[in-house]
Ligand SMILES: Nc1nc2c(c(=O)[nH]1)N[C@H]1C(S)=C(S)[C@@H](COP(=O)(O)O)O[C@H]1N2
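Read the single chain below, which is given as structure tokens and is the form predicted alone.
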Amino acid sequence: MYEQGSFTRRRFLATGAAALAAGSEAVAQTPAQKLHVKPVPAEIFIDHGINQETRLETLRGYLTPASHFFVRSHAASPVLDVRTWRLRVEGNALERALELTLDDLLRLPSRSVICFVECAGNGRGFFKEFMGKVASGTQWRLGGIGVAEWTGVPLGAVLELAGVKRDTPRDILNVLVEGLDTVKVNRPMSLIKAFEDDTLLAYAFNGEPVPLDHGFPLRAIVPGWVGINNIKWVGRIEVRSGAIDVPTTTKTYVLEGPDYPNKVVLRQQTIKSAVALPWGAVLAAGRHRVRGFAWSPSGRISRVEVSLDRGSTWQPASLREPNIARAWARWELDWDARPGDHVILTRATDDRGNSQPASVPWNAQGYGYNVPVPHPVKVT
């Protein structure tokens, strides 16, 4: 089921040591960026303080480079020493506890997965902008997402080493992954999800060690699920015989509000699409190739439709390859733009039949906004 990779210890340590040295220097010499190790220039990111939103119009290829990958953190990025770092695997649903070094993980069969990681609150700002009701948290538009090739050890392979007891429930949230940032962010998933082939403990990002701001030396990759499950700087995994309740399932990352009489714990993301133009873009009159992205937590994108008349009519956009399930598809449409104020609406459908809805109920923490967004453009 798993393939042996060629991401060698020497290559990892050489690149990782260089990253650590550069990271330490950045932290020491650039206090304006003390929350992050990498540069976060305004031409690439919308600044939300500790969180940095990618300007989608700056992306050119299919994979998002580390320099452009959005940042969602709950505390400053820790700079960890891979020589002393350990992964603890424990819990009453396991036959044995483990303590693994990076060398131990590199010796296990590896797998590479191309998928998106997306903040659960991506699109949150639109609750205020289009529904007139503010939801709490970072007011993202649609740049809280990135697609990368992640390489690492399948989480299921590590759990097999520890031996999951046969009577452990499979669909409750009982596999907790915890980070080594100062607040030790953690969140559980089900054993069913943990044992999916593409759920990883990733040590590589686009063929290089996972960048410091994105989880070095190890992060969880949980395709299709909300970003909070993709824990960075992983240091501990716990598997219990019963459901695990932590603040990220009881207080945050839940749907609550007038339409949710009982809190709903978030698991899967929602299907979305976006226009790769600045918000409030100004274009010269004439022919333009408008492009953008569409993504689904469930499958491949099968169709993207675009409306240039505020939703009265829709026309199909062209989809470019690759088009990978639980990653994204790039779309294009030629537009003969005439002077005036316009909006561009996009609507995605995946190969499972899921499509963006005409409306969503408000929720207090602003999750799941995936209504087609009227993207404003002025043509001069």
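From 1 onward, residues are counted along the sequence shown. A quick note: this is a predicted structure, and the numbers were derived from the prediction, not measured.
Unshown form predicted in complex with this ligand; subsequent notes refer to it.
For the residues 301, 148, 119, 175, the 4.5 Å heavy atom test against this ligand in the predicted bound form is passed only by 119. Only one of 110, 73, 190, 138 lies close to this ligand in the predicted bound form, with a heavy atom inside 4.5 Å, and it is 73. Of the candidate stretches 82-90, 98-106, 255-263, 229-237, only 229-237 contains residues with a heavy atom within 4.5 Å of this ligand in the predicted bound form.
Shown here without its partner, the chain carries 126, 274 and 291, none of which come within 4.5 Å of this ligand in the predicted bound form through any heavy atom. Mapping the unseen interface onto this chain, residue 179 counts among the residues with a heavy atom inside 4.5 Å of this ligand in the predicted bound form.
Though the partner is left out of this view, residue 213 does reach within 4.5 Å of this ligand in the predicted bound form, counting heavy atoms only.
Put simply, residue 306 is far from this ligand in the predicted bound form: not one heavy atom of it is within 4.5 Å. Proximity of residue 281 to this ligand in the predicted bound form: non-hydrogen atoms within 4.5 Å are absent; the residue sits far from the partner.
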